[in-house]
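Single chain ahead, by itself, as structure tokens, in the form predicted alone.
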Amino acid sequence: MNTQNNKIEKLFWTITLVAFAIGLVGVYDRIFYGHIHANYGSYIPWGLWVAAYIYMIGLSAGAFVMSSLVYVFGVSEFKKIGKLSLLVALATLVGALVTIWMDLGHMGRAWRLMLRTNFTSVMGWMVWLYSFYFILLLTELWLAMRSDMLKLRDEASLRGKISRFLLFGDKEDSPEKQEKSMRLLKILGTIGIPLAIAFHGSVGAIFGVVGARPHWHSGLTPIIFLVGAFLSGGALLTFISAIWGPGRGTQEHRNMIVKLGRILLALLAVDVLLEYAEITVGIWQAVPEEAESLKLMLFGTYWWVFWIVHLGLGVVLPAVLLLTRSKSVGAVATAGLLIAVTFISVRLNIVLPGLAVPELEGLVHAYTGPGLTFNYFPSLSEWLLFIWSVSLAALLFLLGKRYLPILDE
């Protein structure tokens, strides 16, 4: 089992480092050439990077809510993956924020969102919610590791010394301090649940309040964002727990993965129900712009993104695995991986179809130019930067897992 774990570990390290190195080409292009090599323009100003940002933000929110099952609701079956879920939430949050920072036209002005916030703007509130969420995540992760470090205090390894210094300040701890840390952890987790809902709901609200885009303009949009976040983040955590969760091969580990699979199946069902309602009502209500966006998503040039990537690989196949092989760790892990990876297609189908329909009839023929087109597909530079941001999140996760007391064996 240890040999197999080492092979899996080496494989993920290799993939991550290679992707990170390749993605640096995209980072170089973005920093030195700006948006010149990106394929979005005046008519479609948001592209792959915005979709990737809301995708990874959703992964973070979903993983964090799963950690609340441990630290707030005390679900003992998931106790050993509490810190793992916090680490996943932190790593994906960093990846998301770096991605949207790269998307900004003037990256050096990002600080103005904090110091000159317009609190009548949904985006203004979102920046502050992100800041509080980031601080809360760091604090929770520190407290969670600190509360489980007593058993590692006498280790003589370098890793143990670093952990003891970071968590205790190289001082003695006591059971009273441990209990106090756990109480504080529960309080922060309780605060974090509405905070996670608020900050990811605000991402959905940014889309939902745009009245000029009927594809987005709905009170249901923030709810769809939230359910999608719980599903994708829970799916990623399920896969990671199956691969790296403590006690792999034991009955306890198997039971935990089976229960995570049941939660995943329930979330998948709710998400599909909301998506079905959104599509059918949107087409039947006969608002031309809304119906056109949905038809573009279902039957347009990139129809395969919805039918094959999302519905086939991200819904049907995982559902079959979770229904027919619900007690197989490998099947549940595969279902989680499929949902988590293909969920980027859901985010793309939110961002792009809403922008790809002209707001005025004949606009597509009125003006022509390189940036004046409604046909968008990400450029190589955009894909490379996306690969880099995902690999950055993966690298942060792998480093944290290796050098911090994340796993409870």
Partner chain sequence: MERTEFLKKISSTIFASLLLPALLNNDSGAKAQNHSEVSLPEMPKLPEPTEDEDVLIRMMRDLQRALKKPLEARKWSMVIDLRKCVGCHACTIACAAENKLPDGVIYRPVIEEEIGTYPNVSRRFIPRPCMQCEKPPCVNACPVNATWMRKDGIVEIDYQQCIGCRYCITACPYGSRVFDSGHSYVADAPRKEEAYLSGEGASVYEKTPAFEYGKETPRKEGKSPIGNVRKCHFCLHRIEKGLLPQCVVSCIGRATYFGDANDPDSLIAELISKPNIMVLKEEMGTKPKVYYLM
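Please read all numbers here as calculations on a predicted model, not as lab measurements. Positions refer to the first chain, counted from 1.
In what follows, reference is made to the form predicted in complex with its partner chain, a form of this protein that is not presented.
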#### Entry: Any non-hydrogen atom of E289 within 4.5 angstroms of its partner chain in the model of the complex
yes
### Query
Is there any non-hydrogen atom of S42 lying within 4.5 Å of its partner chain in the model of the complex?
yes
### Message
Using a 4.5 angstroms cut-off on non-hydrogen atoms, would Y28 count as touching its partner chain in the model of the complex?
### Response
no
### in the model of the complex, R109 touching its partner chain (heavy atom, 4.5 Å)
yes
### Task
Quick one: find which of 262-270, 209-217, 79-87, 297-305 has residues within 4.5 Å of its partner chain in the model of the complex by heavy atom distance.
209-217
### Residue among T190, S121, S328, T334 with a heavy atom within 4.5 Å of its partner chain in the model of the complex
S121
### Query
Tell me, which of G105, G249, G74, P194 has a heavy atom within 4.5 angstroms of its partner chain in the model of the complex?
G105
### Query
Does its partner chain come within 4.5 Å of a heavy atom in each of L24, A51 and L380 in the model of the complex?
no
### Query
Taking its partner chain in the model of the complex, which residues along 369-383 bring a heavy atom to within 4.5 Å of it?
G369, P370, L372
